[in-house]
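Form predicted alone, single chain, as structure tokens, below.
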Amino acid sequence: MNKYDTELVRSILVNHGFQYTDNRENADVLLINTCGVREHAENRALSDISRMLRWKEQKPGRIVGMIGCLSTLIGENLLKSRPEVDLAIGPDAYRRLPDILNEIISGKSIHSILDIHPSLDETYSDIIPAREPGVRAWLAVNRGCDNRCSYCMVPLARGRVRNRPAAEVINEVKLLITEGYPEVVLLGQNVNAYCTDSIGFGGLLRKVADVPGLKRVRFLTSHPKDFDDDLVEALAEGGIICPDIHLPVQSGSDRILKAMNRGYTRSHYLELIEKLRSKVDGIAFSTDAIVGFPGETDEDFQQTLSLFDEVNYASGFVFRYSPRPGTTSFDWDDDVSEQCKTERLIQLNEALGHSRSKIHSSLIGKTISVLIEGHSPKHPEHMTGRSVQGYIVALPVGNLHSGDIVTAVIEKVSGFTLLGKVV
């Protein structure tokens, strides 16, 4: 979503007379788009801000600003502690950026500017993002989140769910096809909570998949409690809807899931996995998990580890718990040691590596469909692409071009990549 928001911001500024440059030494304005979900992301952003301020000192008139979710959490404190930062803008105030920058440039504003209040209705529906060329386009169908997971600051930073009308989504998909994108990824903090015009997310997914000329459609990120039977059936119908599901579990312990306020149990999650596997051929799952949540015991962690072994995820992201200001769990005792969090993180990542290797090995000798994305950055004699399940595949260049969809046989595995040849 932050990549998509960066494209929105670039579009807004270019449409108001600014020019984008890939070279920061040619720039007058440097903005960092931030995520505030975890402390690690915050620390990285603050480190980047320090480097940006050194860049600002090298030339009078340069402007440095923070945008995105972290602005809503620490923007006020940042501007007080680092007054050299010119602005902090939340994710629902991007329309104000051109006016704010012009005020700073003209000298009308001599103080840092803060604008972080979430809008109740902002969806940026009328703005076409300034996307990078490629084979995949991001498209947000909703913004915000109505869930109140006890560890999560997304509702604080981005507000309640606002859904874009289905007709607007379809029109933008049609535009993307004319611009040459064969694949669209539908986005939302809780994308399958989409519901508008009496259409749920399963219905929207079908409408997008029916647009002539589109080759593939994916979506991110799903919440298990909102994964209804209609969405399962839409996936089962196949076509160009990719069987590539990111389904964050966060924990395999019912006790911890309840403390997290996730709204489902371990058994509900596993039943959903089994239902999808029984109905959708070749489906692959990825996930998110948190280790060291307040009160997580060894037994709780073992339940998460056993769930990973049972599901066999193709990939995933594992994070140490970090308290975030404004969340329910912020005031709870962060009682799991950093050493214990690290040990659990390593174990879950090892489980992910084991399941990924098992899945990749099972594909040797199989034929799969691959959408070519471009040249391999490390091996120019190969092109890389993705299967419908999201597996990375490298193929000899031959006559391949970005955007081609080819059938390939997998010959071996190298790290995270499947190696094969076109058949």
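Position 1 is the first residue in the sequence shown; the rest follow in order. Every value quoted in this text rests on a predicted model; they were computed, and no experiment measured them.
What follows is about the form predicted in complex with a small molecule, which we do not show.
Check your understanding: Does Arg218 reach the small molecule in the predicted bound form if we count a contact as any heavy atom within 4.5 Å?
Key -> Heavy-atom contact with the small molecule at 4.5 Å: absent for Arg218.
**Study point:** Distance check, His375 to the small molecule in the predicted bound form, heavy atom within 4.5 Å
**Key:** Judged by the heavy-atom cut-off of 4.5 Å, His375 is well away from the small molecule in the predicted bound form.
Check your understanding: Quick one: is Ile290 in contact with the small molecule in the predicted bound form, heavy atoms, 4.5 Å cut-off?
Key -> Output for Ile290 is yes: heavy atoms within 4.5 Å of the small molecule.
Review point. Wondering, does Cys152 line up within 4.5 Å of the small molecule in the predicted bound form on heavy atoms?
Key: Residue-level check for Cys152: yes, a contact with the small molecule.
Check your understanding: Where does the small molecule sit in the predicted bound form: which of 315-323, 68-76, 131-139, 204-212, heavy atoms within 4.5 Å?
Key -> This holds for exactly one stretch, 315-323.
Practice item. Work out which of Ser112, Thr196, Ser253, Gln250 lies within 4.5 Å of the small molecule in the predicted bound form, going by heavy atoms. Key: Only one listed residue qualifies here, and that residue is Gln250.
Exercise for review: Scan Gln189, Gln303, Asn163, Ser286 and let me know which has any heavy atom within 4.5 Å of the small molecule in the predicted bound form.
Suggested key: If I apply the 4.5 Å criterion carefully, the residue I get is Gln189.
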